[in-house]
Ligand SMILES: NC(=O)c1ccc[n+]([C@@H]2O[C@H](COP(=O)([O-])OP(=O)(O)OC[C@H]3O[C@@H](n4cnc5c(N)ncnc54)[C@H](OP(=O)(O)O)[C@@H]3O)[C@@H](O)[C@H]2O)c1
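One chain comes next, on its own, written as structure tokens: the form predicted on its own.
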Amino acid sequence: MEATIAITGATGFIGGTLIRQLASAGCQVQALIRPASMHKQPINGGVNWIRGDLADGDSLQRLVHGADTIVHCAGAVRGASRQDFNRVNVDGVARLAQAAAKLKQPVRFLLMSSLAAREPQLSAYAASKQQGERMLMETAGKLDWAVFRPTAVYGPGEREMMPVLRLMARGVAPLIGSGNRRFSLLYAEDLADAVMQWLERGRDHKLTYELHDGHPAGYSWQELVETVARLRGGGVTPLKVPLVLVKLAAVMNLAAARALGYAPMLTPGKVREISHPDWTADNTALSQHTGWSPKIDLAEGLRRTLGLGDGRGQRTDDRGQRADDRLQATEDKGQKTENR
């Protein structure tokens, strides 16, 4: 693919996965990187790194100059206040879209949002993702744009879900509240492949797309636990955690974050997200417009992420095939990356 792609969030989990696919496809990649994140810069000769941030209009102009497409992966996932999220997830989108709209050549814009934007009442994060989508639509002008709303994305190097998945791989599954929730999942390489398909075929559709791993009804917590148990060749014991205790911990963590000045992950808003009953997604529109379909099912994705199963790289049936290899304990040896 001969194209010049400008990307933000390239040192994060999703962005890092994407630039590897872009570079391997022969794209010229221009990636924004904050000076404080230079140590996270992947070793990749196919990337032109632009120093700056989303608050710096000059660096954004350098980033988009000569680009055919802009892929905005950067985002704030931790924060103690609404402004902590809006600064990046709303204002950052606006500045980047404005920089793109000033270009003389036609350019496409893909915003990597989140399925949380579907439920903005749950948290400041979810509200900021929806507002960021609206900001793109309001400022894009004649840009050809699209919004991706992936569900929970996982894979080697991911940090939000990994602690829970590792506990499950070791035989313990923390279960918050009743566990009567359904959610979709998506392996990171499939998300990157969806971006590649959109780059090639997703033109003239100014739409918001949901993405998941091809399991249309999503998963229950019990189905996830059973899949891990099959892969590890042994049982996984549920550890029930009362929702009220998690809510209390979130309130205390938020108060400490505001007092000490750090960006918290566990907040009351995050607990409302976690306990929401329906995080299932629908792939139909994206598949119809681009021909994309996910390739990595849940069992294979977990095997790759956790080092479980037969280790031969073949796809595993997450509905019935029992893996017969031992658990290979894996620590996070990969590059520490920022999430989106």
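Quick note: we count residues from 1 along the sequence shown, nothing fancier. What you see is a predicted model; the values in this text were computed from it and never measured.
Below, we refer to the form predicted in complex with the named molecule, which is not included among the displayed structures.
J.: Taking 4.5 Å between heavy atoms as the contact cutoff, choose which of 276, 304, 34, 62 touches the named molecule in the predicted complex.
T.: Among 276, 304, 34, 62, a heavy atom within 4.5 Å of the named molecule in the predicted complex occurs only for 34.
J.: From the list 198, 209, 109, 125, which entry has a heavy atom within 4.5 Å of the named molecule in the predicted complex?
T.: None of the others qualify; the residue that does is 125.
J.: Among 145-153, 248-256, 223-231, 166-174, which stretch has residues whose heavy atoms lie within 4.5 Å of the named molecule in the predicted complex?
T.: Careful reading of the contacts points to 145-153.
J.: If we define contact as a non-hydrogen atom of the residue within 4.5 angstroms of the partner, is residue 53 a contact of the named molecule in the predicted complex?
T.: Residue 53: yes, in contact with the named molecule in the predicted complex.
J.: If we define contact as a non-hydrogen atom of the residue within 4.5 angstroms of the partner, is residue 14 a contact of the named molecule in the predicted complex?
T.: Yes, residue 14 lies within 4.5 Å of the named molecule in the predicted complex.
J.: Any chance residue 99 has a heavy atom within 4.5 Å of the named molecule in the predicted complex?
T.: No, residue 99 sits far enough from the named molecule in the predicted complex that none of its heavy atoms falls within 4.5 Å.
J.: May I ask you to check whether residue 90 falls inside a 4.5 Å heavy atom distance of the named molecule in the predicted complex?
T.: It does not: once the named molecule is placed as it appears in the predicted complex, residue 90 has no heavy atom within 4.5 Å of it.
J.: Scan 73-107 and note down the residues that get a heavy atom within 4.5 Å of the named molecule in the predicted complex; none is a fine answer too.
T.: Those in contact are 73, 74, 75, 77, 88.
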